[in-house]
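Okay, so here's just one chain, in C-alpha cells, the form predicted on its own.
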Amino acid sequence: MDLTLLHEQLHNRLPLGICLLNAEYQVLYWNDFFSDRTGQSSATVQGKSLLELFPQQARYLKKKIDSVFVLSNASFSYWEHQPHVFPFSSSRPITGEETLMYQNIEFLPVEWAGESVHTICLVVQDVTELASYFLAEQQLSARLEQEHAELKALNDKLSMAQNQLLQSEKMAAVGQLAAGVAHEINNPIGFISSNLQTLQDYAARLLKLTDFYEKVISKTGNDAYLAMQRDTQQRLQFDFVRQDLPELLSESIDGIERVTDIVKNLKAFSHVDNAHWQYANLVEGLENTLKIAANQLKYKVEIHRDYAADLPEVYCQPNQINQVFLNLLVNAAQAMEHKGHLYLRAWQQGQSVCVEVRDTGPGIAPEHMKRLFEPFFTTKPVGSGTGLGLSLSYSIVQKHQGEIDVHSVPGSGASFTIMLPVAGPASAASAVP
C-alpha cells in the first residue's frame, strides 16, 4: 500500500483546508479544499507566495504566519474576530444562496530545524453552520427585544401625554448617565493616553540607543562582541520586536483616541450640562447626531452636506432637537434597503433656521402621509418600530413653535424639513426643560 497516496487521499477527503508553507510564504502543497475554491491545483500554485495569491488578506496572514516562525508556537484565527480570512464560498450554505464561509484557522509549526521553524501548516475549518446558528440566536434575541419594546409601546397607548413625559425624563436621565460615564471614563483614558505617549517616546529613545550600541560594537571590529550581539538578538527575536513595538504603541494610541472621540461626541450629544433653553448651533447638533448614528449609516449611506455660512444660533432645547435629528436620520437609513444617498441642508429663511433631511429611499405612500405623525403608526414590520419617533419629533417641534414639513414622491425618496424660530417660542422663558 502506498502510504503517500493514502495520506494525499485522506487530506483531500477531510472537510478541512490544508496548506503547507515555507519560510518565504511559498505554497508547498494544498489539498482539494483550497483547489476547489480557488480553481487552482496544488501543482499550479506550488512555489507561489500565499500573500500574492491572496493580496487582500496578505497583511493579516503575514502577521499570523510571522508569529509562528518567530515564537515557534501555534497561532489561531477565530471567526468571531476575523470571519472571512479567505474569500471562499461556504460548502454548506444554510439557505439556497451562496454565502461567504466563516472560518476558524490554525497556523501550526510542523518542521523544526534546531530551534527554528521552517515549515508551517494552515488548517482551515468551515464553521459557517456553527456561525449561522450563533448569529440566528443573536437575531432571535434581538427580535425578542424588539417585540418586548413593541408590547411596551402598546401599553404606552393608554396615555400619549404620559409617554412623552416619560420619554423626556428618560432622555434627561440617559444624558446625565452619559455625562457621568464620560467623566469617569475620561480620567483613566487621560492617564492611559499620556502614559502611552510617554512610552512611545521612551521606546523610540531606547531603539535609538540600541542602534547606537550596534554601531559602536560594529566599529570595534571585535569578532567576539559581534558574535555575542548576533546571538543575543536572535535569541530575543530583536528584529521582530524592533519592528512590532512602534506599531503596537501606535495602534494603542489610535484606539485610545477613538474612545476619547466617542465619549466626547456622546457628551456633546447629551448636552446634560446645558439641558435648559439656550442658544445652540443646529449644524453642530446635526453633526454630533450623525456621529451617534454612525453605525446605522456608514455601511449603506453616502452623506452630502450643504450648509449655509453664518447661520444664527437658535434658542431651543438642544438635546430634544438632536433627538428629532436622530429620529429622521435613523428613519432615512432604515428606508434605504440598499446603499443610498442622504442629503443634509441647512439655511436661514426669514427669522427661522431650516434643516432638511432627504433620502433616496422608496418614498412614502400617499395613503400614509396623513397618518405619518400619529402615535404608534408605523409601516415597519412588527417588532421593527414603535411608531413613536415621528410623533415625538412633531411634538418637540411644536413645543418650539416650529414647523415640520414632509415631501415625498413614491420611488424617489422622502424629505423632512424642520423650521425653528431663531428667537425660540414666546413661552420659552417659563418652559420647563
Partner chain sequence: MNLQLTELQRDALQELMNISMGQAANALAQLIDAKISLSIPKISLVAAAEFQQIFSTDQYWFTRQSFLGSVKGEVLTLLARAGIETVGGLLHYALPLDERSEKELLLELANILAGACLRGFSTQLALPTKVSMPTLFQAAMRQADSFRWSSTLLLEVEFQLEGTAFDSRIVICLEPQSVELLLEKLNKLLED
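Positions refer to the first chain, counted from 1. This structure is a prediction, so every number in the text was calculated from the model and none was measured.
The same protein also exists as the form predicted together with its partner chain; that form is not shown, yet it is the one meant from here on.
Q: Between its partner chain and Ile192, Asn195 and Arg205, in the model of the complex, does every residue show a non-hydrogen atom at 4.5 Å or closer?
A: Judged in the model of the complex, none of Ile192, Asn195 and Arg205 sits within 4.5 Å of its partner chain.
Q: Exactly one of Ser67, Gln40, Gln401, Gln46 has a non-hydrogen atom within 4.5 Å of its partner chain in the model of the complex; which residue is it?
A: The option sitting close enough to the partner is Ser67.
Q: Since exactly one of Tyr133, Tyr307, Tyr279, Phe76 fits, which has a heavy atom within 4.5 Å of its partner chain in the model of the complex?
A: Contact with its partner chain in the model of the complex is made by Phe76 alone.
Q: Spot the stretch among 391-399, 58-66, 23-31, 365-373 with residues whose non-hydrogen atoms come within 4.5 Å of its partner chain in the model of the complex.
A: So the stretch in question is 58-66.
Q: So in the model of the complex, does Ser90 come within 4.5 Å of its partner chain, heavy atom to heavy atom?
A: Looking in the model of the complex, residue contacts with its partner chain do not include Ser90, since no heavy atom lies within 4.5 Å.
Q: Would you check, heavy atoms only and a 4.5 Å threshold, whether Ser218 touches its partner chain in the model of the complex?
A: No, Ser218 stays farther than 4.5 Å from its partner chain in the model of the complex.
Q: For Lys339, is any heavy atom within 4.5 Å of its partner chain in the model of the complex, or not?
A: Because no heavy atom of Lys339 falls inside 4.5 Å of its partner chain in the model of the complex, the answer is no.
Q: Within a 4.5 Å heavy atom cut-off, is Ser72 in contact with its partner chain in the model of the complex?
A: Contact check for Ser72: yes, within 4.5 Å of its partner chain in the model of the complex.
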